[in-house]
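First come two forms of one protein chain, each written alone as structure tokens, so that there is a structure 1 and a structure 2.
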Structure 1
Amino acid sequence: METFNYSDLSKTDIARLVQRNVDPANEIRALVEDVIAHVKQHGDRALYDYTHKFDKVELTRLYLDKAELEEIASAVSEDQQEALQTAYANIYKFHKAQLKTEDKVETMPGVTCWRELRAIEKVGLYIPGGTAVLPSTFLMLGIPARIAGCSEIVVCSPPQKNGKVNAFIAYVALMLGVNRVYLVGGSQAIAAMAYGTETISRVDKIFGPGNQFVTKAKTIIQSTTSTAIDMPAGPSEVLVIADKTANPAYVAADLLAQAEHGIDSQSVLVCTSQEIADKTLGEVTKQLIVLPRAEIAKQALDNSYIIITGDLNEAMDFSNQYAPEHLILATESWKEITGKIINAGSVFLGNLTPESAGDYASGTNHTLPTSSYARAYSGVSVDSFVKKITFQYLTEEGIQNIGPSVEILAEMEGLHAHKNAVSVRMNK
């Protein structure tokens, strides 16, 4: 991990450091656009072809039904079931609290306005299954979708080499009441859910993280179809702010936890001294060699770096420019700087709060904006699966009170039919 002194960095240097997962030559876009066009034109046939090409699997059917999921899920042990059930309960409890009925507001006598929630009818959930299978992502997306009341949930996940899904994915599907999982991954899965095929239904909104190809497909789909997306959620990242009160072993473990996601993940350490950096790097070396995914983590760390700042305020300044998906405040002084957080997907406070807790079972959602999109996007929540529709009701008193202002405003804009729609009611 390369080390930089914050005081030595120019604005150009910082802009370069906080930029990630770019596609300057549009190579990824070109490949993804070709996949989308092929799926749109050839439907299921394209999905079979891409599964053979990218996943090296020959499928005879694009989905697993309930009976097949039950058979696969039987391999999940009791302690694994209990862990998944604990995660389910905590995630459900946290997200259920997000469903709130808003009060009606009388903006002036006789004029009442309010909002009501309506679930998005058809949603598509993309569950990654490349170098790591993520049943936790299935919980993070499926639970709020169920709480919101979405009437149709389409689930796509890449097939394993045996042409099925991982047992944990099957078990979570049954927990969520999902009776069919489509064996489709990559940008072709996003295209299938956006346009629909002979087998897969078109959805109104697509959710889920993925690699750069999946993320690019989502952004293209959002700009070229009527299908919405949750956010551009690409390769994962963490930024750890550490001072002299941090535990270097904990910090190293957090950096490695993120790095093992994939070679395009990024782990950034922002610390207040060279001593902390050196001790953390020593722990990284020690912990890395025993990891089963050490080679993946090592490549991700080669794409990562350390920033030395003068104090925690400078550290937070850099963090807000980076806008991390995950922000860990590895300091006993975290209460003094949380108010300065402007851009972050999810925040982990103090030395005993690992990002892994949020990834799996604390209750918060781990589907979060990456690549600086935390400047404008929130993570997935129940709100992501609903629409908020405004209502208004005018009484006779209300039309008389608000009418004159509306008439004047409509006349100011030269929209006389708008004025008349009020006038005819007032005159009556």
Structure 2
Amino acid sequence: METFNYSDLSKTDIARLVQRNVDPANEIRALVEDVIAHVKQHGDRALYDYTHKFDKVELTRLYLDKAELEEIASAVSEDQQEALQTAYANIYKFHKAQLKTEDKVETMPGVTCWRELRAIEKVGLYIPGGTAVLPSTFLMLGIPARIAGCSEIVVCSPPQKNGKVNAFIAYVALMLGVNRVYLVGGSQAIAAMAYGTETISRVDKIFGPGNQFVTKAKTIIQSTTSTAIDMPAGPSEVLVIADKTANPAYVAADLLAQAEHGIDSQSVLVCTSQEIADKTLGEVTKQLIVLPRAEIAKQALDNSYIIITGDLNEAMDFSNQYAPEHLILATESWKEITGKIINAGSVFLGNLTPESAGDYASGTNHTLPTSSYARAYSGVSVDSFVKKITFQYLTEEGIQNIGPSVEILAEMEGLHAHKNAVSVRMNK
């Protein structure tokens, strides 16, 4: 990990350091567009073909039903079931609190406005499969969808070599009351959910992470259909702010947890002295040896770096420019700096709050904005599965109160029919 002194960095240096590759996969656009066009035209047939071609699996049916899921899920041990249930309970509790009704506002006498939540009717969840099996992602998307009250939840996950899904995915499906899992992955799954096929329903919004083909397909779908997506996605990342009250062994563990995701992951350490950096690097070396995914983590750390700042305020200043997906405040003074956080996806406070707690079970969502998208985007929440519809109601008094202003404003914009819609009601 290369080390920089913050005070030595120019604006251009900082811009370069905080830059992530926003659109790394533009060269695959044509390929993905071709897959989408095929699925749109040939429906299920295209899905069978692509599953054969890309996943090397010959399906006879595009989905697993409830009985099959139950059989697969029976392989989950009791300990594992309990762990999944703990995660479920915490995620449910935190997300349930996000579902709120709002008060009506009388903006002037007789003019009342409010918002009501309505679930997005049909949502599609993409759950990666193959090498990375992520039951936690399924919980993170399925629970808020259920809390929101989405009436149809379409789940796509690529089949394993045996033509099934992993036992944990099957177990989570049943926890969520999802009785069917489609064995479709890649950009073809995104296309199927955006356009619908004979077997798979068209959905209104698609959620979930995936490889570069999935991500590219979601981007294309978002700009060419009325199906929305959760957010743009890039490689995962963490930024740890540490001062002398941090525990280097913990910081090292957090940097490595991020680094093991993939070689394109980034772990940034921003600390207030060279000594902290050195101690942390010592711990990284020690912990790295025993990791099964050491080779991946090592490559990811080669893409990562350390910034030495004068104090925690400078550290936060850099962090806000980086806009990290995960921000860990490895300091006993975290209360003094949380107010200064401007851009971040999810924040982990103090020395005893590892990112992996939030990845799995603290209750917060782990579907978060990467690649500096945290400047404008929030992570997934119940909000992501609902619309807020505005309502307004005018009484007789209300139309008389607001009418004259609307007439003048409509005239200012040269829209006389707008004016008339008020006038006819005022002069009744």
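Structure 1's sequence is the ruler for residue numbers, which start at 1. The term rigid core refers to the maximal set of C-alpha atoms that superpose within 1.5 Å between the two forms. What you see is a predicted model; the values in this text were computed from it and never measured.
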| item | value |
| --- | --- |
| Assignment: the form predicted together with another copy of the chain | 2 |
| K216: Cα shift of 2 Å or greater between the two structures (core-aligned) | yes |
| C-alpha of G43 moved at least 2 Å between the two structures on rigid core | yes |
| Core-aligned C-alpha movement of P158 between the two structures reaching 2 Å | yes |
| Cα displacement of Y63 between the two structures, core-superposed (Å) | 2.4 |
| Between the two structures, how far the Cα of D34 shifts once the core is aligned, in Å | 4.1 |
